[in-house]
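Just one chain follows, in the form predicted on its own, and it is written as structure tokens.
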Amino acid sequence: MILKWAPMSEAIIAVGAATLALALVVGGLAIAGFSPWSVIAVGWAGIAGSPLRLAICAQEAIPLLMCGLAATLALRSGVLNIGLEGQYLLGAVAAVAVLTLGPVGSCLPWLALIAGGLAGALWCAVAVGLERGRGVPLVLSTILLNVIAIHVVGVCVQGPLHDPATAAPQSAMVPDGSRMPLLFAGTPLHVGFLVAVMLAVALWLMQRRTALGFELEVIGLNPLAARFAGIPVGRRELTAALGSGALAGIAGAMQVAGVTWFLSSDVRSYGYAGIAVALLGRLHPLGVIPAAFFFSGLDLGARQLERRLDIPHDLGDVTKGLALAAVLVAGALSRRLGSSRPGTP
């Protein structure tokens, strides 16, 4: 599964889809009796009404961006990794183990990111092993492993990682000295934001400038042709799967080390949302960055609308769905029109 990326046309499709979704929602609210200008003003104030609100928007975009990059790497390479939820959760478990059981130290957050990446990659490796050893489709095994990962979290926060100071099913708090450092004082935005952006740029450079990126691109377009060209398809697909799992695991580690500072049985995961972000970003690493901000901005704006205008915050999820549907339909129409032109193979 891959989308051939042409910068201008794909950007137009993504921006047009987001704009259409917003216009439909605002228009629907206008019909329901809400002033469109009030809706836009209140929503925007919740997203970027102050430097603090903008920092919160960037903070909430971090796990969406990381999971979006994980989905982008997998899907562009033809690897149907739908297990980002589970890989995210296992990354969070590994990070909590490092941060709460190890000695307090400023280097621990970075060790936690490494541990989270390894845990996510290993959890994805289980699905790859089931596919290659027992013939279980990767789509099925990764979805089932998501369910198992939820129970693994529950067992860990009630067992080896449980905080003895409380009866609640949760881990101990990460000590202050072991948390991700803040990017700006007075805001919750941590340096994981810079790490996520740099990983997006690195993934883009890898895809555009390296032989590995070219081979993954070819495999995503046509694995049979790639095999005839001498590309080791199996090894490259394994690389993409493990890399995707590692990125999702790092997302979970970042969230624990920089935002929540503990793990509970009711942890929020961003795996499925990351797939939606990747599709809105047209499976391009740099396109995933604004897509992640769009999704986090919708969440913040919707909560502000609920507080100020009594509009249900679920409207943010409706807008996401409309944008995703619009971008998929527009992409399909664009490919059909392109293939119908004279001279197009």
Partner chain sequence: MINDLLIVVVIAQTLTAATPLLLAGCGELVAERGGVLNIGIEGLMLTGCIAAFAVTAITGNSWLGLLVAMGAAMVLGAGFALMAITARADQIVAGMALNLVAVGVSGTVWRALQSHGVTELPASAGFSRGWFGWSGWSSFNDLPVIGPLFFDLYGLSIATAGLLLLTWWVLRRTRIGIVIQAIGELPDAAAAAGESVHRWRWGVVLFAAACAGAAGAFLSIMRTHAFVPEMTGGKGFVVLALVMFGRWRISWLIAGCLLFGLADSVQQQLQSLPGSRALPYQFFQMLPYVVALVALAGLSRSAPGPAALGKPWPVSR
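Small disclaimer: the values here were computed from a predicted structure and weren't measured. Numbering follows the first chain given and starts at 1.
The same protein also has a form predicted together with its partner chain, omitted here; what follows describes it.
>> Looking at 145, 161, 200, 121 here, can you tell me which has any non-hydrogen atom within 4.5 angstroms of its partner chain in the model of the complex?
In response: Flagged contact: 145.
> Just one of 114, 139, 238, 191 has a heavy atom within 4.5 Å of its partner chain in the model of the complex. Which one?
Replying inline: For this set of options, the contacting one is 139.
>> Please pick out the stretch from 106-114, 238-246, 150-158, 192-200 that is in contact with its partner chain in the model of the complex, where contact means heavy atoms within 4.5 Å.
In response: Contact criterion met by 150-158 only.
> According to a 4.5 angstroms non-hydrogen atom cut-off, is residue 328 in contact with its partner chain in the model of the complex?
Replying inline: Because a heavy atom of residue 328 falls inside 4.5 Å of its partner chain in the model of the complex, the answer is yes.
> So in the model of the complex, does any heavy atom of residue 318 sit within 4.5 Å of its partner chain?
Replying inline: Output for residue 318 is yes: heavy atoms within 4.5 Å of its partner chain.
> Do residue 80 and its partner chain share at least one heavy atom pair within 4.5 Å in the model of the complex?
Replying inline: Yes, residue 80 lies within 4.5 Å of its partner chain in the model of the complex.
> How about residue 135: is it within 4.5 Å of its partner chain in the model of the complex, going by heavy atoms?
Replying inline: Yes, contact at 4.5 Å.
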